[in-house]
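Just the one chain here, laid out as structure tokens, in the form predicted alone.
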């Protein structure tokens, strides 16, 4: 936790776009111990408008920000992905803690450069995989289930945003980070298919992932759907779990709670009984995920607060640079598999 004896520190935002507005509001209003001091955007008018809204100064470059605020403690980089490295490097070289929106960089090679510079200058570097702070995800992780198979689906209608990257790097990267965290091992094999329909990159992807420990996962990412779906299913030897990222709800079904009913159904089927009138859902005992311990604030606030805590107390952030690299490596493996199948 952020200690009371720390003074209020200066925070900055780089990138005054749609996500930048959310981050600016978070630093300005929601994080104890922080004050939004500056907003940076090459479009100075955009930076000025956002800075005025939240009582900060506007700058057209990171260098100008650093000249005005040499005592800056933390910054969020929320520029388009292709500018992440250029925006973050001057901050990291000053030892400033940097929270970079997902994905960490446009490539694993650039992500590794960011991680190396952060380590060399003792700067805390965290990746904005904000689904790690989803109350349902945190409640599921607390169950400590050992997955054998995972299924992640993230689809939405086309928004015509973030078309500078593929749907894998835009939407699927959220799920890759969660799948990697739950599997607890790197991806070693990928089979994938994808289509480019609206943008010049992949807009729809279906991928099978095999992890080093034998866990398998199926990932669906699409920005061509008619409806929004964001779900995760986990299959273990002794349980099944599912959650909905959007509603922040989920449940666990344990084999031990269904041994009796299952044996009864099997016996009746063996006797050729007609069970078509039975309701399968009535046979299940759901343990609803308890999100109450994790629902005290929105995900961006939880993320920024935890990040500031890691910076001030010099602890490891929840989502490390290596986590960000691993997600990009998996995304690049999917992209390569899609290209091989075209």
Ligand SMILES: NC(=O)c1ccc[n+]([C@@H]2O[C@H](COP(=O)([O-])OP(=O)(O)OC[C@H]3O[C@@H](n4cnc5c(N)ncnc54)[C@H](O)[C@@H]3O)[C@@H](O)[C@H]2O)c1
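Residue numbers count along the first chain shown, from 1. All figures in this text were calculated on a predicted structure; none of them were measured in a lab.
Omitted here: the form predicted together with this ligand. The next part is about that form.
- Though this ligand is absent from this view, in the predicted bound form it lies within 4.5 Å of a heavy atom of just one residue from 128, 97, 135, 250, which is 128.
- With the partner omitted here, the residue from 140, 73, 78, 207 that has a non-hydrogen atom within 4.5 angstroms of this ligand in the predicted bound form is 78.
- Using a 4.5 angstroms heavy atom cutoff to this ligand in the predicted bound form, all of 15, 19 and 174 count as contacting.
- Put simply, residue 223 is far from this ligand in the predicted bound form: not one heavy atom of it is within 4.5 Å.
- Although the partner is absent from this view, residue 149 stays clear of this ligand in the predicted bound form, with no non-hydrogen atom inside 4.5 angstroms.
- The shortest heavy atom separation between residue 240 and this ligand in the predicted bound form exceeds 4.5 Å.
- The shortest heavy atom separation between residue 235 and this ligand in the predicted bound form exceeds 4.5 Å.
- Proximity to this ligand in the predicted bound form, taken as heavy atoms within 4.5 Å, picks out 98-106 from the listed stretches 98-106, 111-119, 141-149, 177-185.
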